[in-house]
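What follows is one chain in structure tokens, specifically the form predicted on its own.
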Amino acid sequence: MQRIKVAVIGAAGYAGIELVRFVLNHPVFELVAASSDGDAGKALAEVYPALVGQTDAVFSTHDEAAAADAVELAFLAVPHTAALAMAPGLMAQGISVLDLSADFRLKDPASYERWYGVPHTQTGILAAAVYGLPELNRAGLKQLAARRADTAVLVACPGCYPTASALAVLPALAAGLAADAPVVINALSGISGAGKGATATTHFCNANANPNAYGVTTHRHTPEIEQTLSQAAGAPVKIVFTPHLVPLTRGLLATATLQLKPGVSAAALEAVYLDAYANEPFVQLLPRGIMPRTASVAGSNNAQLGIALDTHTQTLVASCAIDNLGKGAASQAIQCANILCGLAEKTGLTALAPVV
């Protein structure tokens, strides 16, 4: 099969270098550019020694990566608002874009401005973008794949918290089992989710042995989660979302509680979830009584779910574990790119998580 040339723009960050790792192991994608304005001219293996012997690639500038010869796909692992400036130029060159930032996730430009503090300047591209959660929007991604032969397309890759939160409750919402009440989501993320740049919050001395809630009622992923859950339910869904930073390098666990309609049984719930995820290559529903662990999905594109029915309150408790840098970012972008290119979704994503 002919190789597909790709660029990773913003490759020196944690999500970006994970993209590089997955592309290097991909049988079809070929890395032709990896950019970092701050590290331009340095070998990738100098900045990330795990890549010694794996690649002799050198970081280029963002502009050099965007102009690389014959690139078909560009992964944007850049900060929010930066993709607004980069995506149009790439698409004008015929390069399809998979954006890992939040710039094209929210369909309402006013909502984007409210939560991110800047106007959305690319509403035309926004309208044509597809939200890249395959378990929800696989049909839309396949439509983009059909269009890619004629024009550049854009995938808005989901955030890590929204991915785990959505996978936890999508089946119950889509099946109409939820009562009219907010979905309550408590989620825990490893420190890599905050990005490569150290802050007072993510500094080892403050983060180690010090779990804490943050962004309470104000986290920017709130509207993205509500948008995704509302799409699944076919009606507006409100959430109470509380993220927590925990002293892990990587990993994310989202536990959602959802008030159910009267009469919904544990067996009925289990049947709904088994049916929803029976053919999903990366989502595993754990046996009854077992809840997921972040270590079980580390370094992979897998999502593991556990569900339970609290009969005392008629409440679903659904927990989902993902790798925030994997299914929450880089490997999910690869999954979407596989769909765009007509490849099997598991291509380049079959590595098992470490078992210990």
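Residue numbers run from 1 along the displayed sequence. Every value quoted in this text rests on a predicted model; they were computed, and no experiment measured them.
Below, we turn to the form predicted in complex with another copy of the chain, even though it does not appear here.
> Note which of S230, Q122, T202, S111 lies within 4.5 Å of another copy of the chain in the predicted bound form, where distance is taken over heavy atoms; exactly one does.
Looking at the other structure, the residue within range turns out to be T202.
> So which of L269, A276, V130, L188 gets a non-hydrogen atom within 4.5 Å of another copy of the chain in the predicted bound form?
Filtering the options by heavy-atom distance leaves L188.
> Since the partner isn't included here, can you check whether another copy of the chain sits close to all of N137, A174 and S331 in the predicted bound form (heavy atom within 4.5 Å for each)?
No: none of N137, A174 and S331 comes within 4.5 Å of another copy of the chain in the predicted bound form.
> Is it the case that S60, even though its partner is missing from this view, gets within 4.5 Å of another copy of the chain in the predicted bound form, heavy atoms only?
S60: no, not in contact with another copy of the chain in the predicted bound form.
> Is there any non-hydrogen atom of T347 lying within 4.5 Å of another copy of the chain in the predicted bound form?
Contact with another copy of the chain, no.
> Answer yes if any heavy atom of A179 is within 4.5 Å of a heavy atom of another copy of the chain in the predicted bound form; otherwise answer no.
Judged by the heavy-atom cut-off of 4.5 Å, A179 is well away from another copy of the chain in the predicted bound form.
> Just checking whether M1 would be counted as a contact of another copy of the chain in the predicted bound form - the rule being heavy atoms within 4.5 angstroms.
M1: no contact with another copy of the chain in the predicted bound form.
> The chain here is shown without another copy of the chain. Which stretch in 237 to 245, 101 to 109, 261 to 269, 67 to 75 comes within 4.5 angstroms of it in the predicted bound form, by heavy atom distance?
The contacting stretch here is 237 to 245.
> Between 274 to 303 and another copy of the chain in the predicted bound form, list the residues on our side with a heavy atom within 4.5 Å.
Heavy-atom contacts to another copy of the chain in the predicted bound form: Q284, L286, M291, P292, R293, T294, A295, S296, G299, N302.
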